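First, one chain by itself: the form predicted alone, in structure tokens.
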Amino acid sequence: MKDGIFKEEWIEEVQVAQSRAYTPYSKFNVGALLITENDEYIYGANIENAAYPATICAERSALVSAYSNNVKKFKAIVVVTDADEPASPCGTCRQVLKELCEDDMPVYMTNKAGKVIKRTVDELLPLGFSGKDFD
């Protein structure tokens, strides 16, 4: 995918994040690579828990890490799974992306074969509501 923003190296980097997943129950490893405005990488991986609500998705893992380190400006996020087709972030992750990222930020969804689908945060959660709506 060549859209002027996406870099092929991101696929390898997001697979590094995916390799850090902890998924003893679902065996569905997800990695997220958050690219900051300064081209730094913040990695996220899904971390499961026997008490399922305590599980955190890769996208939220990366965003929580970024915000915990006072990084709040992003160019894009890349998400990878082992599914046959690229998988979209779950509803909760879409809401967190809406809250913490710009609406036009690219979300690249990929699989191990390197197929990439691009959407924006707003396209993943049209008519979404966030703290930005309080302004």
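Values in this document were obtained by computation on a predicted structure and should not be read as measured data. Note that residue numbering begins at 1 and tracks the sequence as displayed.
Unshown form predicted together with a small molecule; subsequent notes refer to it.
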Please pick, from Cys57, Ala66, Val96, Ala76, the one residue with any non-hydrogen atom lying within 4.5 angstroms of the small molecule in the predicted bound form.
-> Cys57
Is there a heavy atom of Phe28 no more than 4.5 Å from a heavy atom of the small molecule in the predicted bound form?
-> yes
Though only this chain appears here, would Ser88 touch the small molecule in the predicted bound form if you measure heavy atom gaps against 4.5 Å?
-> yes
Heavy atoms within 4.5 Å of the small molecule in the predicted bound form: does Thr110 have any?
-> no
The small molecule in the predicted bound form: contacting segment from 88-96, 33-41, 67-75, 101-109, heavy atom within 4.5 Å = 88-96
